[in-house]
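Only one chain is shown below, in structure tokens, and it's the form predicted on its own.
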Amino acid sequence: MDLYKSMAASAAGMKAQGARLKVISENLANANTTAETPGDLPYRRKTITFANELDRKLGVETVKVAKIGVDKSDFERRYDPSHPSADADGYVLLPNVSTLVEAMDMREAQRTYEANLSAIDTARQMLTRTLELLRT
């Protein structure tokens, strides 16, 4: 039945958005971490990419996590000669994480997750109504 297939596609979307939220959480948790010793690099922002995948058993296109990579953009430098991670010139490297960007990504992940959840709920209601109709 196609309703089961739509539920499977939506469930895969929810799983992908859950993985996206995990990456965002890691980025937010490390937004202010610095290297432990001078000369080391701080936390580098992680990124996530998705890909569609054919579920041959169900015959539907679903989404999956294709790759969790790292953002190779430059680190922010802040002058703080008293910091334990400061280099010889007094600069500290900070992670390339923007909390604003992470908050926007988190909001989008939430909306997509909720949309998939609504699709599953609608399919479930349609199945329930169909079963009720067949019983009468």
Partner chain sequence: MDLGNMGLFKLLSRRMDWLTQRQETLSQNIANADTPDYKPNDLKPFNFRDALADARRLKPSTTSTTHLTGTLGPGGIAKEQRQRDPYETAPDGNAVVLEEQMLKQSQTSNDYQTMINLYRKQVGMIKMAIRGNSGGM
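All of these numbers come straight from a predicted model, not from anything done at the bench. Positions refer to the first chain, counted from 1.
Heads up, the form predicted together with the partner chain isn't pictured, but that's what we're talking about next.
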Do V60 and the partner chain share at least one heavy atom pair within 4.5 Å in the model of the complex?
yes
Contact with the partner chain in the model of the complex for F50, defined as at least one heavy atom pair within 4.5 Å: yes or no?
yes
Even though the partner isn't displayed, in the model of the complex is Q125 close enough to the partner chain, meaning a heavy atom within 4.5 Å?
yes
Taking the partner chain as it sits in the model of the complex, is E76 in contact with it (heavy atom to heavy atom, 4.5 Å or less)?
no
One residue of D71, E102, E108, D80 in contact with the partner chain, assessed in the model of the complex (non-hydrogen atom, 4.5 angstroms)
E108
Contact segment among 51-59, 92-100, 24-32, 37-45, judged by heavy atoms lying within 4.5 Å of the partner chain in the model of the complex:
51-59
Suppose contact means any heavy atom within 4.5 Å; which members of 107-134 contact the partner chain in the model of the complex?
E108, R111, T112, A115, N116, S118, A119, T122, A123, Q125, M126, R129, T130, E132, L133
